[in-house]
Each structure stands twice: as structure tokens, then as C-alpha cells.
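Before any questions on binding or motion, here is one chain by itself as C-alpha cells, the form predicted alone.
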């Protein structure tokens, strides 16, 4: 595996969604000390962390809600 290919797999790697062979390739490459990929892995970790956080539901005030439903009915 080359670095360019790996940058698309770090999130999947962190989520455990890669095959054993692909995971082993990522780990092997990271073991070489590639600073670029280690930084990308840290960024991927932050992305995965943020995506796993629960989202707060949007709360519209009654006037906004009424306006939104009115516009939806028009379509």
C-alpha cells in the first residue's frame, strides 16, 4: 500500500471496517514511522470521534416551525 491509497482508509481502519489484510497493511505502513500518515490517522481519529457524538435535535420556535411546514405544503 502506498500513502495515497491509505489516506482514504484511515477512518475505516479506526472503525474496524477493513479486512484483516488491509488492516495489517495499514499497521505495517504506520510502523515505518511515516509522519504524513500518522498525522492523517490523527485527523481521521478526530473525524471518527466527532461523527460518533450524538447530535442535539434542532428546536425551532413555533413561528419558524409553522413557516417551515407552510412552505413544505406549498411544494
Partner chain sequence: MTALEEQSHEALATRAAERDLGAFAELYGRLAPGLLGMALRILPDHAAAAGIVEQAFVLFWNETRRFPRDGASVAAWLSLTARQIAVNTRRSRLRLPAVSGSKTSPLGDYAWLPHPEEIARIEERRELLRKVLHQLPKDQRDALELVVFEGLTEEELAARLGEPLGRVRSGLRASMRFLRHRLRAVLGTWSANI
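It should be emphasised that the depicted structure is a prediction, and the values quoted were computed from it without experimental measurement. Residue numbers count along the first chain shown, from 1.
Separately, the form predicted together with the partner chain exists; it is not shown, and the next lines address it.
**Student:** When the contact criterion is heavy atoms within 4.5 Å, does residue 41 count as touching the partner chain in the predicted bound form?
**Tutor:** Yes, residue 41 is a contact residue.
**Student:** Answer with yes or no whether residue 3 is in contact with the partner chain in the predicted bound form, where contact means some heavy atom within 4.5 Å.
**Tutor:** Residue 3: no, not in contact with the partner chain in the predicted bound form.
**Student:** Answer with yes or no whether residue 34 is in contact with the partner chain in the predicted bound form, where contact means some heavy atom within 4.5 Å.
**Tutor:** Answer no; every heavy atom of residue 34 is more than 4.5 Å from the partner chain in the predicted bound form.
**Student:** At 4.5 Å, heavy atom to heavy atom, what parts of 19-54 sit next to the partner chain in the predicted bound form? List them in sequence order, or say none.
**Tutor:** Contacting residues: 19, 20, 22, 23, 24, 27, 38, 41, 42, 43, 45, 46, 47, 48, 49, 50, 51, 52, 53, 54.
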